[in-house]
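Before any questions on how it binds or moves, here is one chain, the form predicted alone, in structure tokens.
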């Protein structure tokens, strides 16, 4: 029987000291952030995921965004090398969690790579060339996974923190995009679905089969997704967005036979 696992980590007390690149700092309501994260975990569980919680890391402000230190694929987990030293200290707990389920590979200096820059569409990975992921990191990722039959395509990112901030796979070769933040034409061979321009953060969505978790407050984009036959589940993520993260950033999803 297949296990569908979601690794998560609750927001720590220091989340208000998170790294920011494209957003001005706003006060983060820790209690609300924790309630929103609980609702996110509940949605994952309700949609068939076995939720495994990593130990809270109050000393690491960005640790709630567990997706960034790893690129988890069917055959392998590539341990990333975040661009900032503070985020590299989150890696040991991810290695310990994923080690029993996946062979591990690593990105080494001078490469930098963050999981939030990786949009997977089948056996193709579109990887953001961003302030957090460099060409050396992309080249190392390609070397690790090309023998397994994956293609890697670099995509320049300038309008947002990570590629996945403005684009995410929503199944059947379709990519949900915010054209104000990413170049939709970079997703060669994919059908692109635009978010409503007034709902920028809705481009970051978590696909679970024919279900998708979308940040709340995006009624127009959600209507477009429902028109495609997807079952849409809205979760409030305002406090995570203040920390420049959103739905996909909060989990690492794997399946185990």
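Positions refer to the first chain, counted from 1. Just so you know, these numbers come straight off a predicted model, no measurement behind them.
If you look for the form predicted together with citrulline, you will not find it shown, but the lines that follow are about it.
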Which of 224-232, 184-192, 65-73, 48-56 lines the interface with citrulline in the model of the complex (heavy atom within 4.5 Å): 65-73
132, 165 and 249 all contacting citrulline in the model of the complex, non-hydrogen atom within 4.5 Å: yes
Residue (of 161, 77, 107, 125) lying close to citrulline in the model of the complex, criterion heavy atoms within 4.5 Å: 161
4.5 angstroms heavy atom contact with citrulline in the model of the complex for residue 237: no
Contact test in the model of the complex: residue 81 vs citrulline, heavy atoms, 4.5 Å: no
4.5 Å heavy atom contact, residue 87 to citrulline in the model of the complex: yes
Heavy atom of residue 11 within 4.5 Å of citrulline in the model of the complex: no
Contacts with citrulline in the model of the complex - residues in 228-257 whose heavy atoms fall within 4.5 Å: 243, 244, 245, 249
